[in-house]
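Consider the single chain below, provided in C-alpha cells and representing the form predicted alone.
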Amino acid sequence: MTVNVKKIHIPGTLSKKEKKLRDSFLLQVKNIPGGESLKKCIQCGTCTGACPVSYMMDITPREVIALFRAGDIESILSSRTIWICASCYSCTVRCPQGVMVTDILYALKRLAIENKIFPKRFPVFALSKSFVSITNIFGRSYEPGLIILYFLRTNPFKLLGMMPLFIKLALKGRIGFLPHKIKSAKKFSRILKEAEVMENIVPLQES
C-alpha cells in the first residue's frame, strides 16, 4: 500500500520553481539601469495612485513589489497587471525612492514570456514573436508581414476581415507590397542574438 504524501511548503523558504523564477528576474533587474532601486520601496502606494490604469489591475504596482518580497513571483506573472501597464512612467517619475517601477514590470513581462505563463494564443506574446521574427529577417519592421504573422499566431479569420482595408490602403499607396532590407541585415541579426547571450551571462548577485 502506497501513501501519497503532499509536499508541505515551509514558511520562509522558496519552492524550486519560485527560486528559478526569482533568479531569472533578478538577473534581468541587474541589467536595468537603476534596477537596484527595487530594494528601496517603502510601500507608500504612490506608484498605484499615479497609475492611470491601476483600476483595471488585479494586483497594484505596490502589491507587485510586496509579492516579490514575499516570494510569490508566480502570482505576479499569472496576473493581468504586467500586461495592462501603459508604459507612461508616471509611477517611476513620482516614486519618492526612485524605484524603476515601469522597467521592473517590463522585466516581469519578459520573464512571463520566457516561462510561457500565459494562454497559448496570448496576443502580447504573439506580437512580440512576430516583431522579432520580422526584425531578424529584414533588420527593420515590415508592417504587412508583421500583421500577417500576428494574426496567423492568434486568429487567422480576423486577417480575412482586414482585407478590404488592406486593399484600400494599397490603392492609396500607403502600404508597400515588397519589404526593404537594411544593409547587412544578417549582421544586425547576429548583434541581436549576441545581446541575448551577453544578457544571460551577467553574474547574478542578490543581497
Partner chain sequence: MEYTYYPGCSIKTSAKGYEESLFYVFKALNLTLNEIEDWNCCGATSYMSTKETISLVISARNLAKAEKKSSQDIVSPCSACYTILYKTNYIMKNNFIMREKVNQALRQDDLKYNLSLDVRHPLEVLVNDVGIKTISAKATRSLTGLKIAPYYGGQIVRPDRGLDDKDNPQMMDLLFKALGAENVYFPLKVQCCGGMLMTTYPELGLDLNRKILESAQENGAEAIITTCPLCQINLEAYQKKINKKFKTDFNIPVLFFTQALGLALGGSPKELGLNRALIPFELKENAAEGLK
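Remember, predicted model here, so these are calculated numbers, not experimental data. Residue numbers count along the first chain shown, from 1. Throughout, rigid core stands for the largest set of C-alpha atoms superposing within 1.5 Å between the two forms.
One more form of this protein exists, namely the form predicted in complex with the partner chain; it is left out here, but the text below deals with it.
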| property | result |
| --- | --- |
| Among the candidates C44, V53, A70, L152, the residue which, in the predicted complex, approaches the partner chain to within 4.5 Å (heavy atoms) | V53 |
| Any non-hydrogen atom of M162 within 4.5 angstroms of the partner chain in the predicted complex | yes |
| 4.5 Å heavy atom contact, I84 to the partner chain in the predicted complex | yes |
| The partner chain contact at C88 in the predicted complex, heavy atom, 4.5 Å | yes |
| R140, heavy atom within 4.5 angstroms of the partner chain in the predicted complex | yes |
| In the predicted complex: members of 97 to 115 within 4.5 Å of the partner chain, any heavy atom | D103, Y106, K109, R110, I113 |
| Core-superposed C-alpha of E36 shifting 2 Å or more between this form and the one not shown | no |
| Threshold 2 Å Cα movement between this form and the one not shown at T135, rigid core reference | yes |
| Sense of the change in Cα distance from K158 to M57 in the predicted complex - at least 3 Å versus the shown form | closer |
| In the predicted complex, shift in Cα separation for S133 relative to A86, 3 Å or more | closer |
